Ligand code: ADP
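Given as structure tokens, the chain that follows is alone and in the form predicted on its own.
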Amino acid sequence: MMNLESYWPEILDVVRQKVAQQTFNTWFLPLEPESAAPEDMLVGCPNHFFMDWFSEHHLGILNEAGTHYFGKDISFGLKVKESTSPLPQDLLDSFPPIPLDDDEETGDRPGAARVVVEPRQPRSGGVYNLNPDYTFENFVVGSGTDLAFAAATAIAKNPGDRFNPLFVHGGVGLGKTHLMHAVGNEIARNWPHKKICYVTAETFMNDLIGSIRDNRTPEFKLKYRGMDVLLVDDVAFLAGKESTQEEFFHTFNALYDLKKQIVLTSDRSPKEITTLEERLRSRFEWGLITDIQAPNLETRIAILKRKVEVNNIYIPDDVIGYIAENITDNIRRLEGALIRLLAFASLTGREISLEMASEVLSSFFRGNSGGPVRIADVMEVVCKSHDVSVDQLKSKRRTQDLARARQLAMFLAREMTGASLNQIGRAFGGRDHSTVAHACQKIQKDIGADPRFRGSVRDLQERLRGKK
């Protein structure tokens, strides 16, 4: 037996060397060891909000510290302590801006550290990496998620029978990963003997690389091709990675031929993943492709109400409405705003009100945007992608390639900067607003007609968001 409580100070010393002091005081000091057995390394958190945030942003560091200290792979489990204590004083200032993307979300930003969370050990017979908190029961269904939810519940009742594979795509923080875990948890509940594995495409690639390096390729193939249900998150990550696509292609075929259920998620549809092999793209399209849209106001309010009800918290309806009206495109941001508000209330002892919410969250809402995209930013990104200069974009030249780049830049400027047609026209060499309007209409039409072009436009939009 391993007495975790005895070793806990030493583990924290390892963590202290890896993170900033404020991060250590805020996120690691409140933790308490809850168990001793090495197969059940449980750590207590002050509350559910703390646990959710820590799991997503800091659990990887704790796992690394445990692995370093014990000399073997360690994966800590998290639970809410039965008796909670007030949150630390510096908690409020510790929240970084809510990231724009999955998952995955910091890896493309220059200078951003990417924390890789070690995979959890199997919870029970053949179930790997599933988060038990993500279920169908606590998924709030709205107009933008009803089809995806219906398809997910259908395959959970009859895995491998219909909709195989199920491909769910949509923007960041809209519930794709939640829905995928819910499928796995429901199947595990109904068929305890089935082998179920959740994995990100990046982890699949790293696992493949490790198996080649350590001469464990047969074990790798046996692991993934022996699953009854394979849940793969962020498959767009496979784009451009030929060797990983090759192995995933064969894994997909092996599972599909045996009528094993495959569920895939991505931030875009298969046709919009521009550097994905055609044979893999065609297989992704064999089953059902469905998208998840940003929640409408009513759904956002319902999500927030569900969150506060589950955690036995009272927040006035006008405050919930205030949060829902100011965050429109990302469920994680909704929860991040709620966490900040609750933290402030806990620290100050003040009652939550609309006045207090406005005071605490106004800067939070502004901070999430990272500043506006400028027309100059759009020109720079488009010029790099089309190998033209800014002066050429502003010139009167009308060669086919240059005109196309100019139209695309005008469209992106209109979509992402909030500038008027006249402002954009002046920035592009003094052109008339009708010219800008025509360019936007032309690009919008091409986006609707050509999935590959739509994918390339999304790539440019992501680059621009990264410059904010």
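A quick note: this is a predicted structure, and the numbers were derived from the prediction, not measured. So that there is no doubt, residue numbering starts at 1 and follows the sequence shown.
Unshown form predicted together with ligand ADP; subsequent notes refer to it.
Residue contact check for N138: one or more of its heavy atoms lie within 4.5 Å of ligand ADP in the predicted bound form. Proximity of I187 to ligand ADP in the predicted bound form: non-hydrogen atoms within 4.5 Å are absent; the residue sits far from the partner.
Contact check for R340: every heavy atom lies farther than 4.5 Å from ligand ADP in the predicted bound form.
Contact annotation: G171 falls within 4.5 Å of ligand ADP in the predicted bound form, judged by heavy atom distances. Listed residues V229, V381, V319, I303 were compared with ligand ADP in the predicted bound form; I303 is the one with a heavy atom within 4.5 Å. Proximity to ligand ADP in the predicted bound form, taken as a non-hydrogen atom within 4.5 angstroms, holds for one residue of D207, D377, E335, E277, which is E335. With the partner left out here, ligand ADP still marks one of 388 to 396, 218 to 226, 189 to 197, 175 to 183 in the predicted bound form; by a 4.5 Å heavy atom cut-off that stretch is 175 to 183.
Here the marked residues I155, K260 and W286 all miss ligand ADP in the predicted bound form; none has a heavy atom within 4.5 angstroms.
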